[in-house]
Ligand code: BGC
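For reference, the chain that follows is the form predicted on its own, supplied as structure tokens.
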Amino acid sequence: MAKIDKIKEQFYFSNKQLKDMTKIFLMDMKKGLAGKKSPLKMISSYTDICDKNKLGTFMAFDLGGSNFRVMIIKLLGKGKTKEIFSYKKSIPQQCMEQDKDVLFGFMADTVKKAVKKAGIKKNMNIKAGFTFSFPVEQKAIDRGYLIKWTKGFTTKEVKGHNIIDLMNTALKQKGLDNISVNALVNDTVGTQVAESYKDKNTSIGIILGTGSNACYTESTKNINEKNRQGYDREHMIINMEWGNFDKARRNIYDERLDRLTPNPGHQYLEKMVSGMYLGEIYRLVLLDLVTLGDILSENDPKIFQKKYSLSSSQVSDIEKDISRSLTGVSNVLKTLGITQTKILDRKKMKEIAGFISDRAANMVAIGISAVIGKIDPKVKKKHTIAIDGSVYEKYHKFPDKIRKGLKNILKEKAKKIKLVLSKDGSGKGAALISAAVV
């Protein structure tokens, strides 16, 4: 068997393996909900879907993997919203690595610039929802404490502090006394809430971007009592933190990747599916094959030794290339300084991209199927899955790959599941949840 076929086997799921892994995923969900040890944190969000008739102007702050965004949303009632302003800045590396004052100071400065650009006056008091896309132990809608950083962040002095208090303190220090955060929201929760505002069948929210996570609506009675104290609604959205699921079979490339990350031993599922890591897995496979002379044999393997030198978007470009001579693959290789390649090698590179993204989509399908199995075991109802993030939106045919995985697991029942791109849903959802608190 050729080396590339052996590697492909390491990324392959049979239908039986897909179904078995779905059952294991569901078991970990139930353990987490019951307060037992589980890689799935199953964190209470202390919120549910929001009143469609709420009116007013609200802000949303969104700290994702690589950007900080400020949005101003107007609620028009009857399930309608209007984004009246949006401002985004890339997060400098030092903000991801230094102390809390640097990170939260940067975010407050960004809010100040956005407020000025939007023409918000000092006498306009505006509440904001804060989408904080990291694992948080949430005690109430306005109290949440960082469990651990992900997505390359290592900012110091944040653990043990209420994220909302840190943000509101930073806003006051910048003279923004009229702006205050009243709701802490995970990005998946925001995504689900935003879509459910339009579609009552929305039962799951997913982020597939720099990182990956999911949430879903659970009956409050099924949640461990200590994680629902003071909450009196019938349903609550649960932030699963599914990126930490650790039961899926890992191969040598997953192990190598894990050792190179700032958080080895954690976020195993995220490292299989998210935009931060798909390009790196691809690079590690290429490095192996080039070193063995099985592909691009005329090139120095050192070309592929630089960490994160291939992005997920480049892997997508490789996979979607349908030109006769695979010029798209050639163009990606030129960015690495490789100008002369054989068509057979380019075909192999396209094949590798395909089986890496197939596995990623299958892992997402496993997670979705497990959640559906929890809330609707016989799949009697229609389910809308709200998904946001660059991998879902931009990676070549990724939604189709997820649908294929769902069909392999759920057979005909998969027809009742609708995948929807909820563009910028996390920010809109944060504003909606902020409105629900007022």
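One-based numbering along the sequence shown. Predicted model, so just to flag it, every value in this text is computed and none were measured.
Quick note: we don't show the form predicted together with the ligand, though the next part is all about it.
**Asked** Picking from 225-233, 94-102, 171-179, 265-273, which part of the chain touches the ligand in the predicted bound form when contact means heavy atoms within 4.5 Å?
**Response** Flagged stretch: 265-273.
**Request:** Report whether the minimum heavy atom distance between Thr150 and the ligand in the predicted bound form is within 4.5 Å.
**Result:** Contact check for Thr150: yes, within 4.5 Å of the ligand in the predicted bound form.
**Prompt:** If you check in the predicted bound form, is Phe134 within 4.5 Å of the ligand, heavy atoms only?
**Reply:** Because a heavy atom of Phe134 falls inside 4.5 Å of the ligand in the predicted bound form, the answer is yes.
**Prompt:** in the predicted bound form, does Gly144 have a heavy atom within 4.5 Å of the ligand?
**Reply:** Judged by the heavy-atom cut-off of 4.5 Å, Gly144 is well away from the ligand in the predicted bound form.
**Request:** Considering only heavy atoms, tell me if Ile207 and the ligand come within 4.5 Å of each other in the predicted bound form.
**Result:** Yes, contact at 4.5 Å.
**Asked** Heavy atom within 4.5 Å of the ligand in the predicted bound form: which of Glu241, Glu218, Glu195, Glu319?
**Response** The residue from Glu241, Glu218, Glu195, Glu319 that makes the contact is Glu241.
**Request:** Note that the ligand is not shown here; using its position in the predicted bound form, name the residues of 176-215 with a heavy atom within 4.5 Å of it, in sequence order.
**Result:** If the 4.5 Å heavy-atom criterion is applied to the ligand in the predicted bound form, 176-215 yields Asn186, Asp187, Thr188, Ile207, Gly211, Ser212, Asn213.
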